[in-house]
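First, one chain by itself in structure tokens, the form predicted alone.
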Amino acid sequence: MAGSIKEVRGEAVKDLLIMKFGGTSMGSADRIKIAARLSREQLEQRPVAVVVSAMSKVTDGLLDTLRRAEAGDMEAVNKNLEALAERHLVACGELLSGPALDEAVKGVEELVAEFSRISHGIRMLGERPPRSVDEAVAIGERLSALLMAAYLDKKGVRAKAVNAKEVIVTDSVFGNATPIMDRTRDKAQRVLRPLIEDGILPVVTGFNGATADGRPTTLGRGGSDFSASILAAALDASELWIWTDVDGIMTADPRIVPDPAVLAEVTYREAAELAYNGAKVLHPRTLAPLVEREIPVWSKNSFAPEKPGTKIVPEVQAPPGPRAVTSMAGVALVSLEPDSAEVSGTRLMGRALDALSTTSAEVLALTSSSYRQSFTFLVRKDELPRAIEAIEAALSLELAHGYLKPIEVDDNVGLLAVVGEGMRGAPGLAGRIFTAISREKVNIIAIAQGSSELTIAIVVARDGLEKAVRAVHAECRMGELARYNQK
């Protein structure tokens, strides 16, 4: 297999740039025009491939339509289908004219009809099979790719819409699939490379892929970033640019903190920790495919393309202390405690975590007590039901016989994470952070820190989360130091 991949690949396309446009950057005809202009400007200088998200809010609308279909609410389904068609047909009219418009309208109508067919099938079944959901929700990205490629063609740029189902090969975990990179590299070289070498700009759908036998999959919500990094690695790109609606990775959420600053550079590890703990700039899995090849990533603002953005690289000269604080409100704290000395807390934890792994639920933080052998872990609220179901099934005997106390859930909590390469070995830092939070009279419920000392995760009461974030940002002078280091 390795030999065949090498034979297909040959040498990497020199200086290839992958550009990914998010939902707000594709959210209207005007935004698509800007995305096309940015793509064309780079294509004049070097080879380019583009990855696109669905227009903003479209994926939410598609998922809502499938839920309505499952419930048999066909009035709502038909209303949503009309809105889906109208939004994209209006964009067609604003972007195109003549035969190109006619062709694009036909393409939009065919994709909407395909989604309608799946929705009606779900209505008849009375349930939403994960495979059908994955096939249906990818329609949003396919519509965006169609519009973007058609408009580029109109502006004199040869472009082709490409369904990532034909390129990205994944496992069969529908809704949150993982790429199989060797097979994806092979397909990317066979499908995309000839287009790029022929001067054609591929416009690839984000978010979706397919199993080796062709069953449609998706990479999880927000997975278009992940798609772009998978393709960057598969095509040995020189850079990946991710276009969003913010100026880059910031020291804190500007909706919470009044004086955040854009970080000029962050490491892969810092960016991944921030994304994992709630920062919205990147999908948490985005950077994994890029690390081995050390492909740099830029986070840039398509609404202000003149701004430099944030560069994500393998290493930086990190100043002492933390560089950013992020937060997450939609979380729940789950606590398990043995009610008998006969039960090994370590074994209990292992079985609980093994059960969680079967659900694809992510453990955001984990703490334990050595004396009582109890432990707590934090998960996202939308993953809580299946997490509890899996643990109750795995530990049913212990719960039934009273060896394990009833599982406790606290969903009135929030997570904040303090991140920075310069935190390693910094004496007194944790104390300053905890003191700053306590000054705001915010109760700290749990604390977790990895062995790398890159991140301190802190669970607090939900009503104190924003106050805690502001307190930590001010105490560590994150905005001030970021602005100083850019001078």
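Computed from a prediction, not measured in an experiment: that's the story for all the values here. Counting begins at 1, following the sequence as shown.
This protein has a second form, the form predicted together with a small molecule, left out of what is shown; the following refers to that one.
J.: Out of Gly309, Pro179, Gly223, Pro289, which one falls within 4.5 Å of the small molecule in the model of the complex, going by heavy atoms?
T.: Only one option qualifies, and that one is Gly223.
J.: Quick one: of Thr455, Thr65, Ser39, Thr59, which gets a non-hydrogen atom within 4.5 angstroms of the small molecule in the model of the complex?
T.: Looking at Thr455, Thr65, Ser39, Thr59 one by one, just Thr59 meets the 4.5 Å heavy-atom criterion.
J.: So if I measure heavy atom distances to the small molecule in the model of the complex, which of the stretches 48 to 56, 456 to 464, 430 to 438, 65 to 73 falls within 4.5 Å?
T.: This holds for exactly one stretch, 48 to 56.
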